[in-house]
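First, one chain by itself in structure tokens, the form predicted on its own.
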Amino acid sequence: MLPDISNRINNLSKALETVIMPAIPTDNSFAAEQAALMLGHLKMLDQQWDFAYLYEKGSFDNMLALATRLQQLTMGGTESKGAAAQIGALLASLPEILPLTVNTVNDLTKSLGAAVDKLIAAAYKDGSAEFKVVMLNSVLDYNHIQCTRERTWFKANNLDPDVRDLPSMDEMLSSEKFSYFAACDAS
């Protein structure tokens, strides 16, 4: 029987904690610090790995909703319309069924994000005043939702200054509150 991913991560953590970290000389604080960081990341990876696809799919869905909204609402000059057309072409090229790998979904999200960035830059050159307002509000709404998702995803590292209002991992992954599609439908 092959060890599952949690078992493998836990074995790495145990080796780091019980063998490697004790072997680090006390006068090598940098190595001890780096080993502690590695241990923390391994523990966080153990909590996250089983949810990684759902997290990346939610991030993709949110970026897809933002790109679609901005592309549909674009008003302005040649550069804005050209950037919106590039988003349209990218949207048309997306697969009907998302790939089942975390990295591939993340790559699609990054491609959409880069196209949105180009539209934002173009809009500040020749976008209409009305579109700039809509764009700003859309980006802020998206950012609020996605930032909460990201803070929840990394909550286990205990570096967030205020985790009291963050949802659980399950709520973040399944609630419509953290879907920009749902926010667009509500407006």
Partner chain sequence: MDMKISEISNTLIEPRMAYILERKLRRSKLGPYKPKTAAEIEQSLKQLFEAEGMSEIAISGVKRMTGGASKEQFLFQLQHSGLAAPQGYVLRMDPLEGIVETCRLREAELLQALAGSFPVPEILTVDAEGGLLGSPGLITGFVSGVTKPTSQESQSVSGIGSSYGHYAELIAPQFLDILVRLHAWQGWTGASLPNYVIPKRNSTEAALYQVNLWAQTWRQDCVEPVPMITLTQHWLRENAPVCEEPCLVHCDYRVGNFMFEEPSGQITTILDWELAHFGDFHEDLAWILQKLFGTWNAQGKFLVCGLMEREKFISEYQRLSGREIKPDVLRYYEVLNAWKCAIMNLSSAIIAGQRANNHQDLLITWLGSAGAVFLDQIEMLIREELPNVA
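Positions refer to the first chain, counted from 1. Note that this is a predicted model, so its numbers are computed, not measured.
Below, we turn to the form predicted together with the partner chain, even though it does not appear here.
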{"property": "Heavy atom of Tyr142 within 4.5 Å of the partner chain in the model of the complex", "result": "yes"}
{"property": "Any non-hydrogen atom of Arg69 within 4.5 angstroms of the partner chain in the model of the complex", "result": "no"}
{"property": "Touches the partner chain in the model of the complex: Lys81 (any heavy atom, 4.5 Å)", "result": "no"}
{"property": "is_contact(Glu130, the partner chain) in the model of the complex, heavy atom dist at most 4.5 Å", "result": "no"}
{"property": "Three-residue site Ile120, Lys125 and Pro161 fully in contact with the partner chain in the model of the complex at 4.5 Å by heavy atom", "result": "yes"}
{"property": "Stretch 81-116: residues contacting the partner chain in the model of the complex, 4.5 Å heavy atom cut-off", "result": "Asn106, Lys110, Gly113, Ala114, Val116"}
